[in-house]
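This document starts with one chain, in the form predicted alone, laid out as structure tokens.
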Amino acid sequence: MRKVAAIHDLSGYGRASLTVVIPVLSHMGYQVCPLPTAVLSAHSEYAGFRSLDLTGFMSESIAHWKTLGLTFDAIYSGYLASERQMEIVEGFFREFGNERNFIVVDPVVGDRGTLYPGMTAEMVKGMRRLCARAGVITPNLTEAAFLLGRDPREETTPEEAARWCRELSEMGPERVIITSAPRVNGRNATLAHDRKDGRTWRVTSEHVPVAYPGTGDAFASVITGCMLNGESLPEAIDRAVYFIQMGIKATFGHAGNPLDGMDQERVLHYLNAPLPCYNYELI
């Protein structure tokens, strides 16, 4: 069975990070090997959450994995809480990355035009270094702006966002996927660029007026699984967008707390089902 090293935090309550990554990739048929960066009582959007930093344990775990001679088919990192954790992960990429696997970086640094609490300019630089070593990165529009040194508060056109995809690929990653891109005709948009063949793709979906934590983690997890499965870049985006859309629709009809996250348990079966249609377009 193919293995994915997943470098994320673990929340006791709320669907985010490892509580999203593990079920999605496991359902797609992959063994998830977690390298936890922290344990949280609940994900960080809940007021008063408690957190246990595992920076030291990360180094100990990596040292043990080396003695076991472990190898991975993919390495997938998400939120990192400090410059030191970024240095550890950069070293992990050097130690465990090779020509037979690939690295996915979800550069979690901000959203809605601002950095997340605790993120600094130096940490953005650290995330740039990780992205340079990745084969695939999945920033949202705000994160793309920070990685490129742009002002994330300025309005961005669909054409400019497509250029950002190409510019980010020049930093090192072969494939760049930007989520929460500028809407097209009122529809949500996801953009992707493949530096190898020079093509840029777009997938749009119906806008639902709600936001659930953890959807970015679910999206990047589906992309990781699709890449392992050998799917094309536009097909992978289509599948990830479709899964998130179905999860949001399955959740939105209920009156639960949005902070609990998307009811992914209701829609995991879509991950292995044929796509009803292809919606990607070449731009």
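For every residue, the number given is its place in the sequence shown, counted from 1. All of these numbers come straight from a predicted model, not from anything done at the bench.
Beyond what is shown, the protein has a form predicted in complex with a small molecule; the following relates to that form.
In the model of the complex, the small molecule sits beyond 4.5 Å of every heavy atom of Gln264. A residue is said to contact a partner when one of its heavy atoms sits within 4.5 Å of a partner heavy atom; Phe146 fails this definition for the small molecule in the model of the complex, lying far away. Taking non-hydrogen atoms only, Glu45 approaches the small molecule to within 4.5 angstroms in the model of the complex. Interface membership of Tyr79, defined by any non-hydrogen atom within 4.5 Å of the small molecule in the model of the complex, is confirmed. Stretch-level contact check against the small molecule in the model of the complex with heavy atoms at 4.5 Å: of 209-217, 181-189, 156-164, 97-105, the positive one is 209-217.
The putative spot formed by Phe93, Ser221 and Thr224 is not touched by the small molecule in the model of the complex; no residue has a non-hydrogen atom within 4.5 angstroms of it. The partner is absent here; in the model of the complex, the one residue of Leu40, Cys33, Val241, Ile248 having a heavy atom within 4.5 Å of the small molecule is Leu40.
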